[in-house]
Each structure stands twice: as structure tokens, then as C-alpha cells.
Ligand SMILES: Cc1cc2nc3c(=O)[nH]c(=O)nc-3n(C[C@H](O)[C@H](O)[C@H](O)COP(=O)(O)O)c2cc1C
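In the block that follows, a single chain appears as C-alpha cells, in the form predicted on its own.
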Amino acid sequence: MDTNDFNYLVECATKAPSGHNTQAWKFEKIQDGIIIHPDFTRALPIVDSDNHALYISLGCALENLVIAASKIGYKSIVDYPNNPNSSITIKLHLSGEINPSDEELFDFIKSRQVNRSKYTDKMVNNTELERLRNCFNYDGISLVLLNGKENFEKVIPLIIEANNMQFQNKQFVSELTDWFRYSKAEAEKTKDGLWTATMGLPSMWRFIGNFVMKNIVSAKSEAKRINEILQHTAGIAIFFSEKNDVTSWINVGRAFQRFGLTATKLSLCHAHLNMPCEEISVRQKLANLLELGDKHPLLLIRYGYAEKMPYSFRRNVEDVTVN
């Protein structure tokens, strides 16, 4: 693999989503492949204390990389880490073959986005739901689709409960606001974080934005906003795993990335409402509600139809690579 192929694959990998758009990854070129390292300097210790969401984002980046590698004729063999402090190694071998299912998704790597706007009331038909259900196949990872409000209404109280827990936690709010980018200039400078324009919010000075987030936005106001969003949501997707370990976290990310790319192909939007999976006590309630037994709900996503929003920025390849 030459440097041009490496840079190309890294650029594709970094189009993946990550918590608060922290992009907590580093890529290293090795003789026969690529290593994806977790970047713990960009971890979220309050909302993601065990780094499971960080490894989900690495799984998303891994899936993009594998799909892009297939497109240019590489076969990928993934070596999963043994613990949540280790890296992912991808061995790449030129085969000249292209995986048809990967080729189908490749064109949507750059156009996929997390769309946090209000969706329309249009419902998703059964044919498209079936394509979403069957878009991945990873051992121990499953997906529940709650299509239509009558099917996901029972989950809303848990979303609100977890939201209230988080917004009543000053450390959570502080961590969140650290990653807000309140203007295009600020977002372009850092090339990371949550640019307010991607959420349909106006541009403002940082000191004003921080004041609003810490003094005006509250658990109550957020609960009201979430309830309004859910009135115009076609459905909720919940990814869960048989085990709660680093391999499962990565594979949830890989599954979610294929879901996101498939949704984009179907002109569907998606966005995280992951609070019930982030708060352990609420996560257990969610598992009980869905009758999952010992399985672990790790990712909750809303989906539906909406207009495109501005795209969040990504750091340059040279900023996310190990020399």
C-alpha cells in the first residue's frame, strides 16, 4: 500500500461520525495495512466514562475504511483489540476484487451525515425497513426498528429520564459546551466539535453561547425540544450486543455505519438520541422494556426524512495520522 492509498483510505475513514464530533482516532501506516488508534486526549470522560462510544466511533471509521479499501481492490482482515485501551489493526492485501455490497455503499461515504434537524411526518415503508434490517451481519450485534410513534412511544420516557440526568449534571453540560462550535469561523478553525449550524442554531460569540448553554438551556427545555423532535420522527433504531466488550463496541459501530450509509442511499436521515444508552441505570431499564434479557442496548438512533443540513467539519489527514 503506497502513501496515496493510505491517505485516501484515512480521508474516507474520517467521514465517520463520533461522539460530539471529537474524532478521537489516529491512523498509522504499517507495511501491510493500517492501525486505528484510539485518541484518549479526545475522550469524553463524563458522558462516555468506559469509552464504549469512543470505540463505536472507531468501528464506524473502520467500516468506512474497509468499504473504501474494497473499492480500490484491497481485501481487509481485521484484528480486534483485546481490551479498551488497544488499537485496531487492518491487514490489507491487493486482491483486485470488489465486494458488491461494499461498492453499493461506497458512494454514500461522503454524503452521509448526522442530521439533527426536525424531520417530516413521512413514514418509512416496509421495503426500506427491510433493507435497513439486513444491511449488516456481525456476530452478536442486532437491531430493533421501532417504526412509527405508536411503536416507539414507550421509549420516550426513558429518553427524557436520561436527558434530565445529564442536563442536571454540571460536569456533563461543561463537557458538552467545550465541544460546541458557535460560528463557522470557529468550526473551520478546529475542524471538529458540534457546529451549531448543523443543528439549525444561529451563529454567536462563544461567550454568549456558553452563557446560553449553562444558564438558559435546562433539563426541562431540552426535554421539551426532544419531545417536539419525536413528534416528527418516523422511527427509532436501537443497536444492541450480546456482550459488553470492546469487540462488540467496535462491531456496533460497524453495523451503525452500514445502517447510516444504507439510510443515505434510501434518502433517509438519522441522528443520535443516545442518552438512554449512556446512562447505565436507564440502559438497564431500556433492556428490560425491550425484553432483551442479558443483551446490551448501546446505540439509539432516530430516523426519518428531512432536508440536508450543513456538514460538520473533519480534521485534515495529516492531523489524524501517526508519523
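In case it trips you up, residue 1 is the first one in the sequence shown, and so on. None of the values given here were measured: they were computed from a predicted structure.
Although not depicted, the form predicted together with the ligand is the subject of the following passage.
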- Query: If we take heavy atoms and a 4.5 Å cut-off, which stretch out of 81-89, 133-141, 210-218, 105-113 is in contact with the ligand in the predicted bound form?
  - Reply: 105-113
- 226, 145, 194, 124: which sits within 4.5 Å of the ligand in the predicted bound form by any heavy atom? 194
- Query: Taking 19, 53 and 278 as the candidate spot, are all three within 4.5 angstroms of the ligand in the predicted bound form by heavy atoms?
  - Reply: yes
- Item | residue 57, heavy atom within 4.5 angstroms of the ligand in the predicted bound form | yes
- Message: I'd like to know whether residue 265 contacts the ligand in the predicted bound form, with contact meaning heavy atoms within 4.5 angstroms.
- Response: no
- Task: Considering only heavy atoms, tell me if residue 274 and the ligand come within 4.5 Å of each other in the predicted bound form.
- Result: yes
- Hey, in the predicted bound form, is residue 299 touching the ligand, heavy atoms inside 4.5 Å? yes
- Query: Since the partner is left out here, which residues of 200-220 would have a heavy atom within 4.5 Å of the ligand in the predicted bound form?
  - Reply: none
